[in-house]
Structures are given as C-alpha cells and as structure tokens.
Ligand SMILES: Cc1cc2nc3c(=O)[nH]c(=O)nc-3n(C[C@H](O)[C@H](O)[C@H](O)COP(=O)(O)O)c2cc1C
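Encoded as structure tokens, the following chain is the form predicted alone, with no partner shown.
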Amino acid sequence: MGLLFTPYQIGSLETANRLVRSATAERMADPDGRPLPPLTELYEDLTRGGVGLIITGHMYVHPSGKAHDEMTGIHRDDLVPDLANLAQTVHDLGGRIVPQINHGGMNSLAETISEPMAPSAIDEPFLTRPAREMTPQEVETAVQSFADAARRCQQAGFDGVQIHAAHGYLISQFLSPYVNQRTDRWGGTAEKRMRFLRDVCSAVREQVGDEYPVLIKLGMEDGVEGGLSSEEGAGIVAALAGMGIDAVEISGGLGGWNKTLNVRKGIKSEAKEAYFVPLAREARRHAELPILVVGGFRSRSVMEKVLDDGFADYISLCRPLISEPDLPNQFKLGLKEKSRCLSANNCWAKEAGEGISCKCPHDRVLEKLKG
C-alpha cells in the first residue's frame, strides 16, 4: 500500500497523510495584504481534495519585505481576524494549515518596495534592480518581524508556522556567501552567516513557546558559483534542531542566473521528477527531524519510493495541486497514478485579480493523444 496515505507527526501536529501543499504565491490579497474570498475557496478545494497539510503562500512579515503585489500580509495585528477565518475554514473541513512567513529582501519588486535591501549592497544582472545594505537596526527589526508574525499565526489558530529560508529571499540571502558580504556579527564565516537565522528562530520560539510547531523551508544550496554549497547547507540542517525547528522542507536557494534551480519545466518522465531528493538524502544524514521534500513530483510511484527509501517523510507538491487540487483523493482512490501537470509554468497570474490557476491546454493535449 505504501506510506503516502499513512499519518505522521511534526512536533505536536499530526497529519492524516504525507502529502503537503508546498507554499505557492497565490496573489489573492488586497493592497493591505488582507486575504480575499478566492484564497479561502482555494484552501477549501485543497482540503476537500485530501491534502494532509496546506502550507500557505508566503506572507510578508514587514512592509519592507513585501515581495510583490497581491501578497498576503501577516505584518499587522489587525490582520489576525481575517487570517483566523482562513484557519477556521480549513479546520472545519478537517484539514491542517501552516502559514509560511517571509521577507523578500533584495527580491522585493518595484511594484511594492521603492528601495529593496539585502544583507550587503548588491547589483547583479539576475536582479531587477540594485539593493542596498541593511543597517544593524533594520536587521534587528526584521528578526522581530518574523517573531511577531509567528505570534500572529498562533493567535489566528493556525497549526504551526513555516519560516521561509529558501529561493533567494531574505534569510536565504543571509545564508548565502554570494550575497552576504557583511563583516559584523551577521556575516563572514558560515557560522556568522547563520546568525540571522538563529536570531529569527530564537525570537520566534520566545513568542510561540516550546510546543507550537515551527517548520522551515531551507534552500540547501544556491546553485551558483560562490553561493551556498550543499555541504554548507548540510551544516545548516544539522543545526536546525538546536534552533528549535520541528521539520525541514528541502528546496533550493538563491538560483541567480540558474532560473531552473527551483522550478523546472518539461518534467515528462519519472527520471526528471524529485530533483531535490539528492539534497534530502544528504539532509537525512545530518538530522533526525521530519523531512519534507519538494521538486517536480508527478507520479505516485516516485513519491512512494522516496518515502519507502527513507529519504523524506513528506512529499511537497506545488504545480500539480494548482492543476488538480483533488489529486490526493484521486491517488488514494486509485483513479490516477500521475498528475496531469505539464510542467509548463503557466500557473502564474498574468494580470491583477487573476491569482494562480492552471492555464495549460489539457483538453487539447488529451485530444492530440487520442488522435
């Protein structure tokens, strides 16, 4: 039968199965970051579709870190009632939901931030514009903003919180030797570059206590020369339990010019699936924490093998659940063995008010196959 539809535990959080909706930028919030009705409907569909755990799209912890328009906010206390409605909706349907909290840093777009900031001043062709170096006070403010956001997660009744430390956003930037050229206590050696993450985790735990589940999405390597290596990433993984982290989701980091590091197109065979599993395998050697792994999963057989081999405890899905929110139920009922996702990256909103949605021509593809 396999492990995919067996329960598992992350700290005090128990899930009914091992399928996770990985954080996906939904673009379904108003200008203040308040979630709009389509976001509630999306989470309803995912819960009814049988996913074991929803990790929300990244929510910004401070106005200076709003990465893009229509991003959900968790930066103010007056947002808690609206966020609580999201949590309650999922709970009423028997689901589990954890917000991902984030600061965009240098990857905050001009549509939201006039002057982006980063651990160090940086101007690279892969960025949309230069970013200035953060002051020590701004670093401290960012740390406290993550902690306050985690407190709001708890107040809103969510089942835990996930800290975003991947994909070249602020924490990922601090961990990266390519971006972090600071000479103070937050930069220099690998241990000093880890200081910002340590401070965030410590401040989060101070706000939510010891029992509240705290997860992290970690960019375990940058994929660029001079960036975070997988060896250094493994060292971070080894330190996570000591930071009070309950589970780690393995993904990629900075990416830079390597636009396919975190999101790959054309996954048409099982051999191209599960592209972050080698990193998860390495992570398993360095930590006993529950491991979630994302990265191109399409086939149930591949998912089951990763779990059976012990390389991960959860399978995280992004694009397949945009295309088919009920994919978990289809797997469980034996109606399908592989997602219909074409890996064409046609999910993202092309205009305001649209939100994420599958735009691939599945009907035409099926007609072509039948013909």
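On a predicted model such as this, the values are computed, not experimentally measured, just so you know. Numbers follow the displayed sequence, beginning with 1.
As for the form predicted in complex with this ligand, it is not shown, yet the points below apply to it.
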In terms of non-hydrogen atoms within 4.5 angstroms, which of the given stretches 328 to 336, 57 to 65, 304 to 312, 39 to 47 touches this ligand in the model of the complex? 57 to 65
Wondering, does W186 line up within 4.5 Å of this ligand in the model of the complex on heavy atoms? no
Exercise: I356 in contact with this ligand in the model of the complex, heavy atom 4.5 Å: yes
Non-hydrogen atom contact L19 with this ligand in the model of the complex at 4.5 angstroms: no
Do G52 and this ligand come within 4.5 Å of each other in the model of the complex, heavy atoms counted? no
Check each of R300, H75, H167, R284 and return the one that places a heavy atom within 4.5 angstroms of this ligand in the model of the complex. H167
Within 4.5 Å, heavy atoms only, which of V263, A239, A190, L109 is in contact with this ligand in the model of the complex? V263
Could you pull out the residues of 319 to 350 that have any heavy atom within 4.5 Å of this ligand in the model of the complex? R319, P320, I322, C347, W348
